[in-house]
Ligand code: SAM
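Before any questions on how it binds or moves, here is one chain, the form predicted on its own, in structure tokens.
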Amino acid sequence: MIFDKYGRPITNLRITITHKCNYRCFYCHREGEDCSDALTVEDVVRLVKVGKKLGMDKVKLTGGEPLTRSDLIDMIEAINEIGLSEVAMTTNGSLLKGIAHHLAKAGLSRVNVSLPSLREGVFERITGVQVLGKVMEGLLEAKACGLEPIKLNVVVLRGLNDDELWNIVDFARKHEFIVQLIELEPININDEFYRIHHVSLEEVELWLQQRAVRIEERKLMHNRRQYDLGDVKVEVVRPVNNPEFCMHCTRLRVTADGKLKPCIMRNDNLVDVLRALRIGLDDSELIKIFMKAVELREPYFKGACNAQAHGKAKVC
């Protein structure tokens, strides 16, 4: 297993396989990236294999919208042959219907599906498209195919969907989904937009704490708490000004143009790995590049993290 200089294990590889998307979400931050797609199936598989050697046993494919790639099934099949503990995907869900069973057969473990609203008008205002019905059909097909647990990603936006959070929780309860309530992140959006639409989820989390029958702290998921209300589970993702969130980050990201990205909040410390793939460097050289990216990992919101630094990144 590989650790960064703050003693944080790196167990997850999150790969942006495309920036193409059939939505026009006005809050989309493109994971802080502004680039063109470049990774082939072979590139992705090679990176996953190297990550596996370093103990990164979980992979999540994201975008953009991953389902816009025509070679996605081939990619998942090839990744699945590596023998990971989990191959997951984040999707907007609009293209899931008709392909979910192929994804499951190829080896996809589970999906996170963006669901900004249950109301047609609000959904269209946020995403720019009228596909809520298709998302619902895709969700049910994914469940029927065993792509579980299914998580509903809900970016909470003041004045838009912050008044229907509990309706979404009720919807998740009915279908045995998990809800992830996510704070708006100040990435690739202007300050005024952030000020208007950002909602602190502190009060929501307090409400959940008071009513949960069980609270699980997920050590390898930013120490995120999952609140079990007895008949539905809810997670709260609060990355902004949250040293604890950063202190327990276990992810290394890959951008769509083939760069290793140590932190979602930063775009000034990327490490190019695509060139190494193109010129045919062997795994030992790729491992050195991975280690360089890990060495650059630093909590964006530091706080108590500074006290836990252990010197240099290392492999154990």
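Each residue number is its position in the shown sequence, starting from 1. None of these values were measured; they are calculated from a predicted model.
The form predicted in complex with ligand SAM exists for this protein as well; it is not shown, and the discussion that follows is about that form.
Quick one: from Glu183, Glu164, Glu205, Glu148, grab the residue that has a heavy atom within 4.5 Å of ligand SAM in the predicted bound form.
It is Glu183.
Have a look at Cys263, Ala276, Cys28, Val45 for me and say which one sits with a heavy atom within 4.5 Å of ligand SAM in the predicted bound form.
Looking at Cys263, Ala276, Cys28, Val45 one by one, just Cys28 meets the 4.5 Å heavy-atom criterion.
Specify the contacting stretch among 151-159, 99-107, 242-250, 133-141, defined as having any heavy atom within 4.5 Å of ligand SAM in the predicted bound form.
Result of the contact check: 151-159.
Even though the partner isn't displayed, in the predicted bound form is Asp37 close enough to ligand SAM, meaning a heavy atom within 4.5 Å?
Answer no; every heavy atom of Asp37 is more than 4.5 Å from ligand SAM in the predicted bound form.
Give a yes/no on whether Lys292 approaches ligand SAM to within 4.5 Å in the predicted bound form, heavy atoms considered.
Lys292: no contact with ligand SAM in the predicted bound form.
Would you check, heavy atoms only and a 4.5 Å threshold, whether Ser117 touches ligand SAM in the predicted bound form?
Looking in the predicted bound form, residue contacts with ligand SAM do not include Ser117, since no heavy atom lies within 4.5 Å.
Report yes if any heavy atom of Glu65 sits within 4.5 Å of a heavy atom of ligand SAM in the predicted bound form; otherwise report no.
It does: once ligand SAM is placed as it appears in the predicted bound form, Glu65 has a heavy atom within 4.5 Å of it.
For a quick check, can you give me the residues of 82-102 that have a heavy atom within 4.5 Å of ligand SAM in the predicted bound form?
Counting only heavy atoms within 4.5 Å of ligand SAM in the predicted bound form, the contacting residues of 82-102 are Thr90, Thr91, Asn92.
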